[in-house]
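Quick setup: the structure tokens below cover two forms of a single protein chain, split into structure 1 and structure 2.
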Structure 1
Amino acid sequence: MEADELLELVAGGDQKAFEELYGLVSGPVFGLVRRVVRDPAQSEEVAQEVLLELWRSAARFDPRRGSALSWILTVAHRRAVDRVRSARAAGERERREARRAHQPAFDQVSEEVEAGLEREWVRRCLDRLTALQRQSVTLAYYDGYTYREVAERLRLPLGTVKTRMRDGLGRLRDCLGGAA
């Protein structure tokens, strides 16, 4: 039987006719879809969707507008193009989301700028300390040493380091208080 006759029988719900039509058109449908979609697994899926659609919509076939095979291949081509467009759109959405994820939020940018300004202000205030105060404060607060370790590194008595730290931190507090 020809595809036109089989499609009319399928429209009436004839399962045997559908099996025969399936055997007749599945190769050309898959070949067409494969050329458009390119991915073998996606192509198989689209071809199955097309063949399932034939079963459901066989009654829509109008033999006055062309042959059954051309109608079937038109349906297959449309489905394949839809799949390619859908995949491209999904890929573009993913790329947009990835770009959006890499752009820091406004709050993050403003916080980084503010932190940079604060660091600069602290540096200026540290520069106002005596060399001995700056050295003690830097070792303790930036390098993480305890007062005792600062005293050992500088080969000074612990009491002297504590005095430098107290005086230096007081001057820093006064200086930074003007930044607020």
Structure 2
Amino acid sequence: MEADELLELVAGGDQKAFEELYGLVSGPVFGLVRRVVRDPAQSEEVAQEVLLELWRSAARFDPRRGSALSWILTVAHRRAVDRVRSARAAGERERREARRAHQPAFDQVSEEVEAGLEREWVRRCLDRLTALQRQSVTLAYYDGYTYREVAERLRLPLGTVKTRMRDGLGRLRDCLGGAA
């Protein structure tokens, strides 16, 4: 069964359907949260919150607004970004990053294990963006910076960053095209 159908069953309290849904979406949810949050323990915490929220709020899913996976990943991304921003505000992230400098980076490890087709394809398409488009998109999406923070980091006017984001996503769409 697909995530959309499963989510509808989950909304009716079906725990078996939830287990099946977990099998489908836990990898994408955990991978995304880990990419944004980075800290392994905190990533697990956030992923757990997100997956449990799926159970609790399955009835809120509105199929008119898009696919179930899209909704689930939107929720996961928002939770991850919220966590990163509050950690950053508390200055924790900088300290953790200092500590991590002495450990093998998570991304290298995971990329060796998970050389999925989708990952490879997206990476290639990201490479085709201009540097500013790519940085605008990835600083926001993968690192959880607001577009104001992105503008500061890239020393660009706000309007330019918004345009780079839109053009970057547009070019990404053209490149990804029919590759499902």
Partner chain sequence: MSRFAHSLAAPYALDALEGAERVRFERHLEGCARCAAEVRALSEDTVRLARSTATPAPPALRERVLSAVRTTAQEPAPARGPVPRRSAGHVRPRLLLVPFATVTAAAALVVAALFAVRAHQTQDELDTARDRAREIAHVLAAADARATRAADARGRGVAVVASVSRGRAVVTLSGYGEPPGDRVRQLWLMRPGAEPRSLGLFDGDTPLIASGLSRFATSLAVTVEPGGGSDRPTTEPVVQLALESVGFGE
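Because the structure is a prediction, the values reported are computed rather than measured. Throughout, rigid core stands for the largest set of C-alpha atoms superposing within 1.5 Å between the two forms. For numbering, take structure 1's sequence and count from 1.
Here the chain taken from the form predicted in complex with its partner chain appears as structure 2, while structure 1 comes from elsewhere. Once both forms are fitted on their core, the CA shift for residue 16 between structures 1 and 2 remains under 2 Å. In a rigid-core overlay of the protein, residue 128 has its C-alpha displaced by at least 2 Å between structures 1 and 2.
Superposition on the rigid core between structures 1 and 2 places the CA atom of residue 146 2 Å or more away from its counterpart. Note on residue 161: its Cα is shifted 83.1 Å between structures 1 and 2, core used for superposition.
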